[in-house]
Ligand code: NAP
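In the form predicted on its own, a lone chain appears below as structure tokens.
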């Protein structure tokens, strides 16, 4: 019998008012049903927000050291249950098990980082022109924050939003992606297990179309942190702006790497393929465009094709699989249609372009890793996010031309360059329009102690992670203390 899961509101597991459910399935094997999850209605979102609002005062009054202590206990719990959580991520999102273990490890590191942050100073003492005045600043929590998170990092992204939100004194409502609700219930179980006060964390599952408006427009919500599509992000921005609420948006990417003639081509090809094809390209920081300068085009392309064809396609539960299933049938069809359009616009498929055949692929949503050439820099496939294992290799005449091509799209999340030339490195780092810059490194993969975010249509500008998180999750209060009159 399929297990049925509930929402987690005000410290209790509860059914939704709709009495309706959706199923979550394994992308590698659609006959493997993970469970049934609540199709929440507006009233459920309202209840979760109300629960968070009722305790925001008491949570704010809890010392930041104590709040950090809850995060440290959660880190210990998660580390002790690492394999269970990793297996759950692989089963529900399709991710390779080695990457799922890395995701749990990253979540542990985030909880540890922000747990310690609870003991760090958050304000400053500033000299006043009046020697009788003590002048200082403090940071105040915003209140109730709605977190709307994607399926591709179903543990790490919710944690990197909620850890700073909680330690800085906010209460939260989490709405995970409809494709990965089970991992979200495990997050709720983590907080329940370490006795986080009721109402501080709340979870509701269901479609954004049904409950998204309430999470954004409810008057008790002070801010929204969202990771997902640019289209939905812009809608959230518009609605939040009407109400004067804060919004934090991390959206699409069309991440380039530039290969200069002096690069170590073996290294460049290896890292490019890794960035483009691991997790089947289902990362906002995945490498999507390789812009090659000068006469190394043929050698670099040959190396990329060789390395791509050597990748093993299979379920994430197989430790040797690199190219895993994409999240669902709609994604599979979208990737296929974008590759088809790329060919119609003049692109040439060097490898891949279809779906793998064989019994182990028949019950999952697998696509072949694809490398294309003869892709015009302004073509649809060179400009639009694919979110699949597709790499376009684009020639350029010189470094200036390559930089112009790299900056020509609407996105600006992550970008890299392969070269041994320090001047080229410094010029690229200064002029590339991207929030994350990698030198001889993979566009995907970031560390938790530094700011994360993009430029242009990739981000609203509010950085996540590291010390930068405090800027979004708190507001500054300036306090003047004058001596009493005597």
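Numbering follows the first chain given and starts at 1. What you see is a predicted model; the values in this text were computed from it and never measured.
What comes next is about the form predicted in complex with the ligand, which is not displayed.
Heavy atoms within 4.5 Å of the ligand in the predicted bound form belong, among the stretches 71 to 79, 301 to 309, 124 to 132, 246 to 254, to residues of 246 to 254. Contact annotation for the candidate site: 112, 159 and 199 all lie away from the ligand in the predicted bound form (no heavy atom within 4.5 Å). The closest heavy atom approach of residue 191 to the ligand in the predicted bound form falls outside 4.5 Å.
At a distance threshold of 4.5 angstroms between non-hydrogen atoms, residue 452 is in contact with the ligand in the predicted bound form. Taking non-hydrogen atoms only, residue 284 approaches the ligand to within 4.5 angstroms in the predicted bound form. In the predicted bound form, none of the heavy atoms of residue 183 sits within 4.5 Å of a heavy atom of the ligand. For the options 227, 90, 365, 222, the residue carrying a heavy atom within 4.5 angstroms of the ligand in the predicted bound form is 227. Residue 152 is the only one of 370, 152, 170, 321 with a heavy atom lying within 4.5 Å of the ligand in the predicted bound form. Scanning 162 to 181 for heavy atoms within 4.5 Å of the ligand in the predicted bound form gives 175, 176, 177, 178 in sequence order.
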